[in-house]
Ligand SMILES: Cc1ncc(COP(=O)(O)O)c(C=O)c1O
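Let's start with one chain on its own, the form predicted on its own, as structure tokens.
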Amino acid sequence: MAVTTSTLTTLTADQVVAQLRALRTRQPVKYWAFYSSQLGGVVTDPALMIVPFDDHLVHRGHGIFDTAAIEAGKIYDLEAHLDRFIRSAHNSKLKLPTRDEMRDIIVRTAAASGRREGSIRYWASAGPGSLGLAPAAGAEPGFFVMIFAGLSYPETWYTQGLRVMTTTYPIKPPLYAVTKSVNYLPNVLMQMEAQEHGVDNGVFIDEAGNVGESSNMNVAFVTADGTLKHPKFDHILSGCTSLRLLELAAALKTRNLLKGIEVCAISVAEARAAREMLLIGSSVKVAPIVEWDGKPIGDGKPGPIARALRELLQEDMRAARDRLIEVPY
């Protein structure tokens, strides 16, 4: 076969920066501030928010991440997210700055963004230096923080509910499921499969026939007798939002909206018989699922528990002083 060649330009540093800026012009983003331990500071130009191609995070997926929310100029529940981040680092054999250093960098990067509403995502990597399987000898671990607009979902998810399908992709083995690594290929494939089928998301089922989790969110159920049931966290990611909601949900028992709260194995048959199915996560908060594999959940309409839990979480994000960190703008 014929091979067509063309002249490749060797770019100068100034031309590289110009091309990176042109890329962001063609593909605008809402990234407001980025800290890189490799750069030694914060940048606010999205074109400069970069990681070396030979970082182990990039070419081997050897990295972890976590998130937190900025609500009315305060960071919500950062300590719970740092707890999970540190566990993920241990599972991934990654070195981190101290907890105090990470907290300080996150807070100061949020301040540099100037944004009072948004999301924080932060990463740890094994560092650059080779394209091998093991980290490069003497590689300097990386720590990165991004302040951005966050993920958004249509309002109809809350007013009308969303539809999901059982994914054909296998659930991650427990070690990888409970570690929040950058290797989200199964999650990505699940989401793409759902889109191809014209629904909003997917649900993993484990080998025992029990419900796992969704693409980047947890799922929970309200049974016919009024019990809030959440899958056990031994084989799925321990969602910080789910864990907090399980505490907040106790208020619904006193209001006679819930009979009980359980974290347990949930079979597919039991899940399908629920009167409500919930999608839970730091970005989506709480959204009602009204259809699963083409069949209605309950009466096929958003239920009262989804709405009540979302209201409890929104209030907690504004008023739980022990879970809020003021950003020093």
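Each residue number is its position in the shown sequence, starting from 1. Because the structure is predicted, anything quoted here is derived from the model rather than measured.
Heads up, the form predicted together with the named molecule isn't pictured, but that's what we're talking about next.
Between 32-40, 276-284, 261-269, 55-63, the stretch whose residues reach within 4.5 angstroms of the named molecule in the predicted complex through a non-hydrogen atom is 276-284.
A residue is said to contact a partner when one of its heavy atoms sits within 4.5 Å of a partner heavy atom; Ser215 meets this definition for the named molecule in the predicted complex. With a 4.5 Å cutoff on heavy atoms, Thr241 counts as touching the named molecule in the predicted complex. In the predicted complex, at least one heavy atom of Lys180 sits within 4.5 Å of the named molecule.
Interface residue remark: Tyr158 is not counted as part of the site for the named molecule in the predicted complex, having no heavy atom within 4.5 Å.
Although the partner is absent from the chain shown here, His81, Arg84 and Leu237 each have a heavy atom within 4.5 Å of the named molecule in the predicted complex. A heavy atom within 4.5 Å of the named molecule in the predicted complex is found for one listed residue only; from Asn210, Thr223, Asn187, Ser119, this is Asn187.
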